[in-house]
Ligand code: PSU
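Here we start with a single chain on its own, the form predicted on its own, put down as structure tokens.
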């Protein structure tokens, strides 16, 4: 029921470093052609850092682990692709649809293929106002139970970061900061909140993950990686922009799985594209770190 590209299947068999990538960022996260250009560029960053990229998406009902450049290009241009999380997987597959995998769905498919590492921009989390809307991303539940390590620039800044961290703590998900004690806030390098532990090298992260898997202790691992300095946006400006975008979404009655794509697009419009540039920079930065961790993990595993 899953199609694994030959090069990915071979890498899995030979215990080579692989990094999974989502497809929602292609279909819902950025406009064309930046979406396709970014997806292909991120794959190149992973290769340059010693790992093999595996972009994941659903085509005609079949999950693809390791999409081709042609498939990525089709994804970037095709209209009406469904955003797929855990609850949507079976229906999209049964009805032969195209589906863009969210963090949660990508984790599920990566785990089924035997891929430990997954790079994204930012995870979903507890939305602002969740005390009345109960809008909490399925990404958090997936991190609690699926054995995949996620490398990101923190939770998306549109969220309630404090409640997101509280939720992750309750579910037993470790949140590590790469060379930082503060939780990165997607568009900005840090926030007012601390991570569980600062980790200074890919090798140290890889060793922790290796122990967690061999113990074994089920559940995901979250590695947060700050956006590069030159792309980090002014936190006060971003906060004002997010508040304005959230208010506009409320006025339009936009919620559920449509809220994040709407807010990201609205923020890009308000910042005149600066947030999109930041998004592209941070995903490439995460890809480099994810590949380095995956390579270190394979080196540790293959020595034993």
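Numbering follows the first chain given and starts at 1. Here the structure is a predicted model, which is why all the values come from computation and not from measurement.
Omitted from view is the form predicted in complex with the named molecule, to which the following refers.
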| item | value |
| --- | --- |
| Non-hydrogen atom within 4.5 Å of the named molecule in the model of the complex for each of 7, 64 and 73 | no |
| Residue contact check: residue 182 to the named molecule in the model of the complex, 4.5 Å heavy atom | no |
| Proximity of residue 138 to the named molecule in the model of the complex, heavy atoms at 4.5 Å | yes |
| Contact of residue 122 with the named molecule in the model of the complex (heavy atom, 4.5 Å) | yes |
| Distance check, residue 275 to the named molecule in the model of the complex, heavy atom within 4.5 Å | no |
| One stretch from 166 to 174, 217 to 225, 189 to 197, 98 to 106 that, in the model of the complex, holds residues within 4.5 Å of the named molecule by heavy atom | 98 to 106 |
| Of 56, 42, 51, 264, the one that lies within 4.5 Å of the named molecule in the model of the complex (heavy atoms) | 264 |
| Residues within 4.5 Å of the named molecule in the model of the complex, restricted to 28 to 43 and counted by heavy atom | 29 |
